[in-house]
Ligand code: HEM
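Presented as structure tokens, the chain that follows is alone, the form predicted on its own.
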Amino acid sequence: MSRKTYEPKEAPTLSPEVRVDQPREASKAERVEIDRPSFKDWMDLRLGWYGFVRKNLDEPMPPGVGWWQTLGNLLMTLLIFQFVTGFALAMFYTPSAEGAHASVKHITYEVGAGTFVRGLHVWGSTVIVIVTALHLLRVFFWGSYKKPRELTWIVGVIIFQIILGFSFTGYLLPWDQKAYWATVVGTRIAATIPVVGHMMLVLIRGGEEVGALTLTRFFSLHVMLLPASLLVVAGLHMFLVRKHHIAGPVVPQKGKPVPFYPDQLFKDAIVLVVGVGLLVYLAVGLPPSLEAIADPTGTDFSPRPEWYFLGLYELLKIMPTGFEVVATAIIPGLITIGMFALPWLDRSKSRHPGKRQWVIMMGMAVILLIGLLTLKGLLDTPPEHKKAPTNVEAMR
């Protein structure tokens, strides 16, 4: 019978005359450990999870990294909440024009904790948009999109577009008046694109008007295509972040890199508790409403998109008749292209805002434009059932 041998990886306690590069006979305790490993060791041998966790906890963080770098983990946690609550809601939801409103009403008023779960999902979409925007702004102002993180930035912009797609497609699913007419206006934006506009409108709606096929298509996008796309793109983003690591402050600080655990992990935990606590507070204190069932024959309902599309909505309102395409396609298109091309438009080798003045000024102009238009939309809420302005009426 062959004897078991033990090959140590390191032997700091061995005497100098013992050669650690040569196999030696395993002791009785070591033979027991080999024959009957603990569950932790058994899992580690097969999955290597301990080494993976240890590697991430020991990841070196540049000096000066702090609270702003917690937004990525907060966003990931909120997305997990959305997946879980969305799955729970989908188990009771009926994706049809005949049953959608009734199923949401059933979830809200009859299913145990239905109002709370729906509140988490509805408010979660709002908080996610805010956190994603803050995360992108932090990367922009810190110049963290520069070499070698160009692809990391591009993937992050794609994630932002997917999140907006989630918000837009999910808005119609309650199938009430507010959701219906906001979707009518939102989908009509596609028709303003030259040449292919009408074709895109029919493709999105499933016909000339918003109806049952529109609801089915939005539901399919919301629960299948967009989640699958987000998982792939978010996985790529996390891989790139791990490969190139987190960028430090714009002005490098003195000191040695410190491991992620415990200091940065503690900051992440604090921000997660505050963020999730705020989400729970909103879900309990301000539960989402449900208006009357969608009525395509209604003409006195003023369409109002969700707040993150109010800037585009207000821009459309101030455009002269015949120039709607400027507000619905040209300006948003230029902003989107600029975001994707930012790492190459910014030719400065420095990440300091003072040495990227024209880029910072252009970014501030876009932020100011969107912010002021959004604020105007929030303050300029029309009376209930007041007819919309001419340009918006034309978008129906």
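Heads up: residue numbers just count along the shown sequence, starting at 1. Keep in mind that what you see is a predicted model, and the values were worked out from it rather than measured.
Keep in mind the form predicted in complex with the named molecule is missing from the figure; the text below concerns it.
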Next on the checklist: Using a 4.5 Å heavy atom cut-off, which of 273-281, 193-201, 86-94, 137-145 contacts the named molecule in the predicted bound form?
Outcome noted: 137-145
Checklist outcome for this item: None of Gly114, Gly124, Gly170, Gly72 but one has a heavy atom within 4.5 Å of the named molecule in the predicted bound form; the exception is Gly72
Checklist entry - Among Gln82, Ser103, Thr214, Thr152, which has at least one heavy atom within 4.5 Å of the named molecule in the predicted bound form? => result Thr152
Next on the checklist: For a quick test of understanding: in the predicted bound form, does each of Thr132, Gly156 and Ala247 have a heavy atom within 4.5 Å of the named molecule?
Outcome noted: yes
Checklist entry - Can Arg118 be called a contact residue for the named molecule in the predicted bound form at 4.5 Å between heavy atoms? => result no
Item to check | Residue contact check: Val241 to the named molecule in the predicted bound form, 4.5 Å heavy atom | outcome: yes
Next on the checklist: So, Arg205 and the named molecule: in the predicted bound form, are they within 4.5 Å at any heavy atom pair?
Outcome noted: no
Checklist entry - Is Trp307 one of the residues lying within 4.5 Å of the named molecule in the predicted bound form, judged by heavy atom distances? => result no
